[in-house]
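Two versions of one and the same chain are coming, encoded as C-alpha cells; call them structure 1 and structure 2.
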Structure 1
Amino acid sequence: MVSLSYRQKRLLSQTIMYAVAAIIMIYCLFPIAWIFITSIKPPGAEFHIPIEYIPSKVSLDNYIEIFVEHKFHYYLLNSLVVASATTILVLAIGSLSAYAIARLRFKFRISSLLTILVVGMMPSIVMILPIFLIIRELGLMNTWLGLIITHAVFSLPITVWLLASYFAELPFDLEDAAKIDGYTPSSIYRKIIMPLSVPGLFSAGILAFIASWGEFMFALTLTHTIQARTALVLITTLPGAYHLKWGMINAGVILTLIPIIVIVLVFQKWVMRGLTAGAVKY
C-alpha cells in the first residue's frame, strides 16, 4: 500500500475539492449559458434539428423585439422602482425593530425575535388571498405602492434577524458612554449605531433588493397592466396561444438576470456577510 506524504495528501484533497466545485459550478451555470445561447439565435432557430449548441449565426433580433414590441424597458423600470423602494422601506422599519431587540432591555424580546422569524418562514402562498383582499380594499391594486408594501412585509423578518445579529455584536460600552454624555436612545440609534452598522445595512439591503426583484407570485396577482407589472411577470405572458417564442422569452430572462448578476459580482462580499451572519448575542 502506497503511503502519501502530507504534501501529497493536501494536494490530493485540494484537487478533489476543486473538481467537485467545478462540477457544481458547471451544473449551476449550464442552464444560464443555454438560455443565453438560445437568446442570441435568430428567431425560430431554437427549433432546428439537429440542435445547434453553438449558434451558426448570432442575432439580437430577440432583444430588439422584446423592447420594441413588448416595451420591456417599462417593466424593468417597474421592477427597479419596486425593488428600490422596498429596500428603503425594509431598512427603515427593520433597523428600528432590530435595534430595539438587540440593544434595549425589555421582556419578551427574544420571543419577539423568534416570532418574527417564524412568521417569515410562513409560505407566501398561504397569504396570497388575504393579501389580495387587503390590497384591493385599500385601493392599491395595480400600483407600485401595493407591491412595495407586500414585498416589504415578506422581507422584514430576515432583515430584522440579520440586523439584530449585527447590532448585537457592537460593544455596549459605546452606548454607555453616549448615555453619560446625555444622548437619548433615539440619538444613540441615529448618531452611533447607524453609522457603525453601514456594512450590515448594506448587506441586508442587497438581500431585500434581490428578494423583491425576483418575487413573482404577488407581482402577478396584484398587477395587470404595464403601469405596475414587473419584468418577471411580462416574461410569463410572452408565449402566444399557438407559438412559443423561446428566443424572446430567453432574452427577457437574460435581461432580468443582468442586474442581479452585476449586484452579486460587485457586492459579493456583502451578500456573503448577510448570508453567513453569526448567531445573535444577548
Structure 2
Amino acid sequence: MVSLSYRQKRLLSQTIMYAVAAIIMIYCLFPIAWIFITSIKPPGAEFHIPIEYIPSKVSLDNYIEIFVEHKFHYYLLNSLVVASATTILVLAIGSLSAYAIARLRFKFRISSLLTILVVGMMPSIVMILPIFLIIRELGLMNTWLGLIITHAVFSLPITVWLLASYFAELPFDLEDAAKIDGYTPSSIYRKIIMPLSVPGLFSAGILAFIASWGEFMFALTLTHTIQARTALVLITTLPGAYHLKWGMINAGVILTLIPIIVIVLVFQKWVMRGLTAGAVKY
C-alpha cells in the first residue's frame, strides 16, 4: 500500500469533498439546466432525434412566442401583483398577532398560537370548495383580491411563527423601559418593536412572496382569464396543436423561475432560515 504524506492525504480529502459537493450540485441543478437548454432551441427542435445536449442553434423564438401569442407579460403582472400584495397584507396582519403572542401576557396565548399554526399543517384542499363558494359569493371570482385574501390566510401560520420567534428574541428590557416612560402597547409596537424587526419582517415577507408566486391550486380554481390568472397556472394550460409545445412551456418555466432564483441567491440567509423553519407550501 502506498503511504501518503499528511499533505497528500489532506489534498485527497479536499478533492473528494469538493467532488461530492459538486456532484450534489449537479443533481440539484441538472433538471433546471435541461429546461433552460430546451427553451433556447428553435421551436420544434426540442423533438429532434438525436437530442442535442448543447444546442447547435440558439434562438429566443420560444420566449418571443409566449409573449406575443399568449401575452405572458400580463400573467407575470398578475403573479407579481398578487404575490406582492399578499406579502404586504400578511405582514401587516401577521406581525400584529405575532407581537401579541410573543410579547403580551394574556390567557389564551398558546391556544391562539396553535389556532393559527394548525392551519399550516392542514391540507388546504380540504377547504377549497367552501373557499371557492365564499369568493364567488363576495364577487371576487377571477380577481386579484380574491386570490390575495386566500393566499394571505394560508401564509399566516408561517409568518406568525417566524415573526413570533423573532420578536421573542428581542430584549424585554426595551419594553419595560418604554412602559415606565408611559408608552402604550400600540406605541411600543410602532416605535420600538417594528424598527428593530426589519430583518425578521424581511425574512417572513420573502417566504410569503415565494409561496404566493408558486401557489397552484387556488390560483387554478379562483382565476380563469388573463385578468387575474397567474403565470404559473398559464404554463400548465398552454395548448399545443398536435403535441405540447415543450420549447415554449420551458421558456415559460424559465421566466417564472428567474425571480425565485434571484431571491434565493441574493437573500440566501433569510430564505434559508424561513424555509428550514417549516413547510412553506400550502
Partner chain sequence: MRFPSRKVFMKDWMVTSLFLLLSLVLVGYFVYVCIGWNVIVSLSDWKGLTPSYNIAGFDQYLSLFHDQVFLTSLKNNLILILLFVPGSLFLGLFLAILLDLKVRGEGAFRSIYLLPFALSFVITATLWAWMYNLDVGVINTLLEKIGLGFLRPMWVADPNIAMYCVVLALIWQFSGYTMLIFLGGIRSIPESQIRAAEVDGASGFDLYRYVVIPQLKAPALSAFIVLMVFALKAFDFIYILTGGGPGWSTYVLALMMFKETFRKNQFAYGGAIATILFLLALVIVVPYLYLSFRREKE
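Everything numeric in this text was worked out from a predicted model, so none of it was measured. Note that the rigid core is defined as the largest set of C-alphas that superpose within 1.5 Å between two forms. Here, residue number means position along structure 1's sequence, counting from 1.
Next item on the list: Have a look at both and say which one is the form predicted alone.
Entry: Only structure 1 fits here, because that chain is the form predicted alone.
Checklist line | Residue shift check between the two structures, rigid core fit, Val20 Cα at least 2 Å | finding: Yes: Val20 shifts by at least 2 Å between the two structures.
Note to self: Leu11: after superposing the rigid core, is there a C-alpha shift of 2 Å or more between the two structures?
What the structure shows: Indeed, Leu11 is displaced by 2 Å or more.
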